[in-house]
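Below you will find one chain, with nothing else, as structure tokens; this is the form predicted on its own, and questions on how it binds or moves follow later.
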Amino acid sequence: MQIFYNQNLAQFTTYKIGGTAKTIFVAQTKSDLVSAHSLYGGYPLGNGSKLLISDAGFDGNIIVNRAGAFVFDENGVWAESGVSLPMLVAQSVKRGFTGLEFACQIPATVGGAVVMNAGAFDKSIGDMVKYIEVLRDGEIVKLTAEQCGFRYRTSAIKNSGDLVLGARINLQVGEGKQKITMAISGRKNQPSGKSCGSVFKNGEQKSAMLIEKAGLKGLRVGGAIISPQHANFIINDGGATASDVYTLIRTAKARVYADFGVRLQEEVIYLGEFL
């Protein structure tokens, strides 16, 4: 396990934004993960793909999860929580399994995907989970899919204090290469660049459509911009601060509510202080 002091957190997020943390523990194994959490505590960070970290940083410990072991059998895979989800999709297809292809371009770890119930194309990781293991009060506990409380882009695990250690994911035997090609094609409208993916959850009305109708596509604050290609993406266009992104989020929420009476709900998670 590596330990860093007063290091910048931007390198650990897809936004490439964020101040420093008091201590950063980089856990390379499940054992590291359990030790770091049990001995020191801290905020668990996977790929940082749904995280906006304050410019002022985080006055606490961060546990960067790189626990990456996985084991396939005839019914699916057991994957530790630091496993890259796109990599796991590729490995499952390579072994003749299908079912996870919808997640081939979700830039998350297994743990983060489970906590947020990540998904695409009307499918979610919670649909595939048989059970997970969490660290709870120093003990390893197994939770069934039902106990995880999966809902649209969230779960009962979020804010529970449990640390996800790994997940058992059900798969089926079948050819998945064509489904990956279709999934990639279906996400071509999503912009490239440094972002957290979709900023807002989609309700009965699509968030991108509402933001676009409010005339906010292309709105810029500092180095951050509401993507002209897809209005539910805010891009770090070069040197953006967390404050820049946060201002655009607040602006979009206020304008959409004023124009349409709809309260947008963020998928992005805030870490640190935001004013």
Ligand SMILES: Cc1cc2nc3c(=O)[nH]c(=O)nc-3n(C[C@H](O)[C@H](O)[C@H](O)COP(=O)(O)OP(=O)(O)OC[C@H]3O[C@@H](n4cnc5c(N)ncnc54)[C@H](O)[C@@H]3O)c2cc1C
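Since we're looking at a predicted model, the values are computed, not measured. Numbering starts at 1 and runs along the sequence shown.
FYI, the form predicted in complex with the named molecule isn't displayed, but the following is about it.
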So, a 4.5 angstroms cut-off on heavy atom distances: do all three of Thr14, Ala118 and Ile269 pass it with respect to the named molecule in the predicted bound form? yes
Taking heavy atoms only, is Leu45 within 4.5 angstroms of the named molecule in the predicted bound form? yes
Are any of the heavy atoms in Asn170 no more than 4.5 Å from a heavy atom of the named molecule in the predicted bound form? no
The named molecule contact at Asn65 in the predicted bound form, heavy atom, 4.5 Å: yes
Going by a heavy atom distance of 4.5 Å, is Val164 a contact of the named molecule in the predicted bound form? yes
Which of these residues, Ser54, Ser49, Ser207, Ser227, gets a heavy atom within 4.5 Å of the named molecule in the predicted bound form? Ser49
Only hit among Ala108, Val77, Ile180, Met128 for heavy atom within 4.5 Å of the named molecule in the predicted bound form is Ala108
Spot the stretch among 68-76, 87-95, 156-164, 143-151 with residues whose non-hydrogen atoms come within 4.5 Å of the named molecule in the predicted bound form. 156-164
